[in-house]
Ligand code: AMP
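Below, in structure tokens: the form predicted alone, a single chain.
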Amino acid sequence: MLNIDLHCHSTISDGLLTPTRLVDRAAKRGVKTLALTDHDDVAGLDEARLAADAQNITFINGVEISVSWRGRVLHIIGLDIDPEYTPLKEGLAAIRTGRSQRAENIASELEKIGIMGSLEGAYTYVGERRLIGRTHFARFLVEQGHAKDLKTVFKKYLVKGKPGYAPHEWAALSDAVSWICGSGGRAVIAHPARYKLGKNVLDDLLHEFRTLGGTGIEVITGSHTADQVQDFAQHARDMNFLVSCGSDFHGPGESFYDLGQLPDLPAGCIPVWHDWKIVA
């Protein structure tokens, strides 16, 4: 299989490596095609593309958009997008503004249980774009000794029903898919098993997503078990979705898969890049 990774993050959002260093790591680990998919921001794409050209890596413009759907937070990846498409740029800017407000709300919730200074602490982990997310809070909480690692922090503090969780209304699913498709890109549901949807709700999501113009499901990703990989591969086959793969790499020591480490796609699936001439 072609060594391809279509989901990773840089310091533009909540990754540990700059776009250049991320691409350098991908090159050293044998990645031939890479998409940078920072959360709600495309500011790192130009830098990453320059680095990829120097490393002879095929680079794909990407983004991971935060979405609210039936009271849940979903992530939709846009691949092969045009980052200059005006509705996409304006939509992402609005989401980033909302991130700042949510960060203040998270800090307020943590203060209620005696954890002070979390907003300032989280911002020390934020890159120059000042795009803040839960991962920045998680790094601060680990540093302060409130949990042993990021995974534990999220389970203990930052998910629904736990202290530190702050509800927030993100973009509508219809808007996110419209921005991606309107820019010439392909919309993919990121790490679908993570949402823990029951069968009926999952079916509703997949049918609605397809009706809106979504075309892909991320099957191989760091948070999927082997059984979940097979499960979502079957969903893709049954509903004629394309499939994608991505490490969801954030940095050394923080991700289940490193760059260049992904297993093969399950048999019988059509990859999201099947008709991309630049990947062929």
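We number the residues from 1 along the sequence you see. This is a predicted model, so every value here is computed, not measured.
If you look for the form predicted in complex with adenosine monophosphate, you will not find it shown, but the lines that follow are about it.
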### All of 14, 135 and 150 with a heavy atom within 4.5 Å of adenosine monophosphate in the model of the complex
yes
### Query
Heavy atoms within 4.5 Å of adenosine monophosphate in the model of the complex: which of the stretches 175-183, 126-134, 78-86, 108-116 has them?
126-134
#### Entry: Interface membership of residue 102, adenosine monophosphate in the model of the complex, 4.5 Å heavy atom rule
yes
### Task
Answer with yes or no whether residue 49 is in contact with adenosine monophosphate in the model of the complex, where contact means some heavy atom within 4.5 Å.
no
### Message
Test of understanding: in the model of the complex, would residue 224 fall inside 4.5 Å of adenosine monophosphate by heavy atoms?
### Response
no
### Query
Going by a heavy atom distance of 4.5 Å, is residue 194 a contact of adenosine monophosphate in the model of the complex?
yes
### Task
Give, in sequence order, every residue of 241-262 that has a heavy atom within 4.5 Å of adenosine monophosphate in the model of the complex, or say none if there are no such residues.
250
